[in-house]
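Shown below, as structure tokens, is a lone chain in the form predicted alone; questions about how it binds or moves come after it.
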């Protein structure tokens, strides 16, 4: 049984040092009991207390790490039903299905898409995360060769090895040593053999049930045997049934603290339809509710990109605005005569401003200032986007070395800062740009004409 907040408090050092992020050990204990904090946040807890508190401090949905090195993927660790309650912790991993009975050319084409379908957005690289390799041929040697190829061609991306036959998985694991994959296909019949494989290769286990009850039976047995790196599949293969299943698992884990369902899940949109666009819509559903891994039949840019952006938006912290990195952004191959504009690093502001600059077809330099993710007016009102901060950015950015003129365009809403900014930037002419992003193209065309 999980410990109460008071029972946890008795095991803490009770220094009230505040280094855990809350002012008292009692408050920290209550957060641990509610699954809203991790024990690692306390720097003074003893090893003995750590052992006793492990169960109480674990999130309602345990975190599971799959893969090794740069390809490592972390899922689970969730503590809330809805993002606005706190935040979602670890983004849904997007996996591409590869079957070992595919031709070598088909496998090569899929792995090429896995490597190349990448998109940069707000300073982040959005890309697929995993390859789910299914042992469809039944040939251990073929499965092992394809596993080795996937591992090599993807640079060590995290893998799901799919088979209910432990000997097949054992051969594949020999071909990809140290890869720490997810072994999917655990049932009550093969559970002990699969657990031995997982222990030997530091792998995680994917429970495959034909119903939630079957998944519970297998995960409970794994818990009894000390295995906690588990991913669940309740077996539903229609949108309605799988959606209900995901919600039921999340609610049981969070609201009822039901440990056998306190694991991340794996969902198979690739098994729910033959229509690629419908599959993308189903995948989007489970990125929001509540898939840990979503397996797609293939990767196509026109459907993958929207899924990646949706995931990015869902898994951002609602208490911390999504922000772009501070720096100089060249748009349209600008030269030393191109205009210099400045804006805040609130991602929506950045995308609007950069998009309107692109629409103008006038090459320009865009200076983005770190305003802690606040929009132009909000940052200005908070004193984070004013003359002295803009001047500091101009001086340290090196933009003066890239342009032969000394003109900078500030947002129209910052017109009141123009005089003070000219005082801060000796030799620079401060121009007041449009108040609305939609007016930027006309403004820049007039600059070009001048």
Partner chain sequence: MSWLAFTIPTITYTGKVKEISLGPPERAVKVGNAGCYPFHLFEGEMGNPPRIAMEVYDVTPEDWPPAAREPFADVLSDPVAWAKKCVDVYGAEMVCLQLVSTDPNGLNRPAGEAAATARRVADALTVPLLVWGSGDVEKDAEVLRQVCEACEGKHLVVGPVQDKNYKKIGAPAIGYRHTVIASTPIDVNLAKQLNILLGNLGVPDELLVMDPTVGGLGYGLEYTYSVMERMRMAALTQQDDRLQFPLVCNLAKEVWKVKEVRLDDPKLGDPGKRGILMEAITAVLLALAGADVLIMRHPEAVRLVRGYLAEMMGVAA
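Worth saying up front: this structure is predicted, and the values here are computed from it rather than measured. Positions refer to the first chain, counted from 1. So that the term is clear: the rigid core is the largest set of C-alpha atoms that superpose within 1.5 Å between two forms.
From this point on, the text means the form predicted in complex with the partner chain, which you will not see here.
Looking at residue 380, you'd find every heavy atom of it more than 4.5 angstroms from the partner chain in the model of the complex. Although the partner is absent from this view, residue 14 stays clear of the partner chain in the model of the complex, with no non-hydrogen atom inside 4.5 angstroms. Within this chain, residue 210 is remote from the site of the partner chain in the model of the complex, having no heavy atom within 4.5 Å.
Looking at residue 365, you'd find every heavy atom of it more than 4.5 angstroms from the partner chain in the model of the complex. The contact residue chosen from 316, 297, 187, 229 relative to the partner chain in the model of the complex is 316, the criterion being a non-hydrogen atom within 4.5 angstroms. Checking 202, 116, 325, 72 for any heavy atom within 4.5 Å of the partner chain in the model of the complex turns up a single hit: 116.
This chain is displayed without the partner chain, yet in the model of the complex the stretch 233-241 from 176-184, 139-147, 99-107, 233-241 comes within 4.5 Å of it by heavy atoms.
Counting a residue when any of its non-hydrogen atoms is within 4.5 Å of the partner chain in the model of the complex, there are no hits in 164-183. Core-superposed comparison between the shown form and the other one: CA of residue 331 displaced by 2 Å or more. Residue 116 shows a C-alpha shift below 2 Å between the shown form and the other one [criterion: core-superposed Cα displacement of 2 Å]. Here residue 359 counts as shifted, since its C-alpha moves by at least 2 Å between the shown form and the other one after the core is aligned.
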